[in-house]
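Below you will find one chain, with nothing else, as structure tokens; this is the form predicted on its own, and questions on how it binds or moves follow later.
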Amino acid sequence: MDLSERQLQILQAIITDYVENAEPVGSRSIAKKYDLGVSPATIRNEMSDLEEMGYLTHPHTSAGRVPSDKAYRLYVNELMKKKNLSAKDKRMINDRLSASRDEFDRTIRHAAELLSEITHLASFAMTPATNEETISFIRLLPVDERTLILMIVGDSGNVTNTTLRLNVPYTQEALELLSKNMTVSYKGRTLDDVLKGEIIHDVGSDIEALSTLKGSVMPSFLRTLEDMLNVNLYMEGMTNIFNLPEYTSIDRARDFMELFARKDWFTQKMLARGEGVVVTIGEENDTMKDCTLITATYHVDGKLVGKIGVIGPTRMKYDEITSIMEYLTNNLSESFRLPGSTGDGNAGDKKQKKLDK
């Protein structure tokens, strides 16, 4: 670490203030709010040095500074202290996630909902799929003249969306007709049965345009079913981003939402992440460079099963959110432990692991 103790104190104060208020931080504000024992002029000089070292950035429209990805990484790795959850939050998690083993998928969905509710961020959860999942309905939703979204909804509530680029134009009427026909053909059938069986051949046999549309959609439909057999992905609280100042820009909000339309891509990214609590910030996230992504793993009978996580702006309460996720995933693991197996004590009070990128 190349920072002095005073620089670390100033940097931590800036991060704390910016996360809380979402406004660029000035030296006078830091001097007034935090008892650092130095003058605003000294703080201002240190802030200039921190900016040169890449820990702060300087928005053109403000005299204040904001933390960089490098600053958040230093905070998570070295400065962050574990935050103790309130008794209220612990009780909420314990009460709402108490479940029996035959309620597994529903409990995981509740966990994602609860995580979004507590953190006020977008959340997601991944579970292994089962061959017993059956199709409830299928919809084809228009985006533009050559793009549509294929939505497959399972009987458990599992929803998979896939964006399709077509080589042929389509009409709203054609989408609705094909959606209804596919739903009638596959409703109540398991994903495995559909993949092993015959695909529909009688759609639009006498309507050339609809027949061509079917030919473009069906390969992606089958690939999506294969993905659903591998993993379930539940997503909650997507609209929470509209309450954050970082996403007041329509373009940025749209880019964020499009990340989740690419569920197959997003799922693969999440599967590639390591075990335990993992935090990736800004540029560390490849195509999600304006976001922080935090994931944690949960177990059933001691075996790694799935992941749960949140995604949002780099300005977030890392200490609070990582503690919530650790407590929540430990609670999930305890909820689905076989009777008589060795436990780890209080599910929410395990020691937090170091959060390497």
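Quick caveat: nothing in here was measured; it's all calculated off a predicted structure. When you see a residue number, it is the position in the sequence shown, counting from 1.
Just so you know, the form predicted together with the DNA exists too; it's not on screen, but the next bit is about it.
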property: Region of this chain that lies against the DNA in the predicted complex, out of 322 to 330, 307 to 315, 35 to 43, 291 to 299 [heavy atom, 4.5 Å]; result: 35 to 43
property: Three-residue site V25, M47 and H60 fully in contact with the DNA in the predicted complex at 4.5 Å by heavy atom; result: yes
property: Partner contacts for 240 to 265, taking the DNA in the predicted complex and a 4.5 Å heavy atom cut-off; result: none
